[in-house]
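We give structure tokens for two forms of one protein chain below, kept apart as structure 1 and structure 2.
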Structure 1
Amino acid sequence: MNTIWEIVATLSGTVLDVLPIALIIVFFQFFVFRKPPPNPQKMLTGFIYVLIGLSLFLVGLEKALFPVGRLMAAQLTDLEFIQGSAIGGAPGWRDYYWVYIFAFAIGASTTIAEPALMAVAIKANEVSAGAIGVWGLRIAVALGVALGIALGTWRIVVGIPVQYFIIPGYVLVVLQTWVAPKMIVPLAYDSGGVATSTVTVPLVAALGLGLAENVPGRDPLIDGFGLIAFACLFPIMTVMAYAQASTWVNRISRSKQK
């Protein structure tokens, strides 16, 4: 019963969230195009679906994804669980290795199955005339996201400010953009956004906050955020690196044939 009330309460909030976009469509339709929308009934049902869906999703998020992210962080950093592998004393960053493995697994598994990535990979194969393999690109993106989130959790455990990673990361991306094959650049940048699906973002955010709450000496506000930024940045690097490597391999094998 409680859940039903929560959904109803959330529904009133979601109306306000979706209202701007409805107003924009109505405004431009009537004042600029000067005619009613082509299929108002279908549009209205669509909006009702969006409203109900968004409300259910947000309530489910509070009940499942956020708590699970927090719970995993709490259990994986639990002293008793860690003591099994480390003996005595305060745990060092090495003792949290299950955290990094979990982060890596979440990053890799959610990315490799992502349908949007398939489309990007097929397109990359086309524009590179076969030099960039479909599977190679998918693995490059998944590896990038997994490494990004794993490194991000390590950063939280150690407590280094987030900008010390992200800003050098940008510098590297800029340098890579300079030398990478031109046609891969847009796809590489796109692959950064592919990783951040609506389900992954809240879970990863909760994992980071949970870690910062449970590792001694960390402040959730300063250390807890930043995992999503890592997940977006790293695939850009790995995709450009992969494209570059495969062009080199192609060039070498071609010169050998001659």
Structure 2
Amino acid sequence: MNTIWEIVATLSGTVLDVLPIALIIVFFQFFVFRKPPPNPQKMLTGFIYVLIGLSLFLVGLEKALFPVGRLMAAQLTDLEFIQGSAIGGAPGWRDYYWVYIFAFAIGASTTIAEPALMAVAIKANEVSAGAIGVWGLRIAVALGVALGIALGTWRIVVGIPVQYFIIPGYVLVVLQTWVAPKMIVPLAYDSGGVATSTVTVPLVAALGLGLAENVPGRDPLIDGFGLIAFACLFPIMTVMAYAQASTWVNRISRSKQK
């Protein structure tokens, strides 16, 4: 019964959140274009589906994804779990290797399952006439997110400020932009956004907060956030690196054919 009331409360909040979007669409449709929408019944049905889906998704975040992320962080940083490699003193950053492995694995798997990334990869494949592979792009983005989250969890464990990673990272991205194929640069910059969407963000945010709460000397507000920034940054690097490597391989194969 409590869950039903939570869904109803979340649904009412979602209606209020989405209402401005609906009002803007109605305003432009009737006062700017001055004509009714072509399929009002389908649009209304789809709008209702969106409200229900968003509400259930938000409830699912609170009930499952956020608790799972914090639970895994708590279990992986439990002193009893890491005691075998930290006997005789406080655990060091090497003793949290299971955290880095989990972060890498969860980053790769959630990104592969990300619906937004699937949509972008399919469209990129269509627009490029097959030059950009669907699975090649998805794996490149997933690898970037996995590396970024693993490095981000290491940052939380050691306590290094986030700017020491993000600023050099974007400097490297700018340098890559100059040498990467022009076709891939806009797609690479979009890859960071599509990689951090409905599936990835809740788990990553919960993992970062849970890790900061359980590692001694870390502050959840200062150290817990910033993990998503790594998940946004590193896919840009890996997608451009994927394009550069593909170009290099194609040049070698062409030179051998000649």
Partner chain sequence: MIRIDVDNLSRFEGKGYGERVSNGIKALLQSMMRSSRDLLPIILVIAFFQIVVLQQPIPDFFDLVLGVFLVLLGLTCFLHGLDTGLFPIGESMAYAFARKGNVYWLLLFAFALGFGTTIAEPALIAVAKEASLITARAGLIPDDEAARGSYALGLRISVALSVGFAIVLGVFRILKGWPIHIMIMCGYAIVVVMTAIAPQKIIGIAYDSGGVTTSTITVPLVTALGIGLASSIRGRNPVIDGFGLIAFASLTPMMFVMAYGMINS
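Everything quoted here is computed from the prediction, not taken from an experiment. Definition used throughout: the rigid core is the maximal C-alpha set that superposes within 1.5 Å between two forms. When a residue number appears, read it as a position in the sequence of structure 1, where counting begins at 1.
Q: Between the pair I just shared, point out the form predicted alone.
A: Structure 2 is the matching one, since it is the form predicted alone.
Q: Does I139 move its CA by 2 angstroms or more between the two structures when the core is aligned?
A: Comparing forms between the two structures, the I139 CA shifts at least 2 Å.
Q: Taking the rigid core as the reference frame, tell me whether N125 has a CA displacement of 2 angstroms or more between the two structures.
A: Shift of 2 Å or more: yes.
Q: Once both forms sit on the same core, give the Cα displacement of I252 between the two structures in angstrom.
A: So the C-alpha of this residue moves 4.8 Å.
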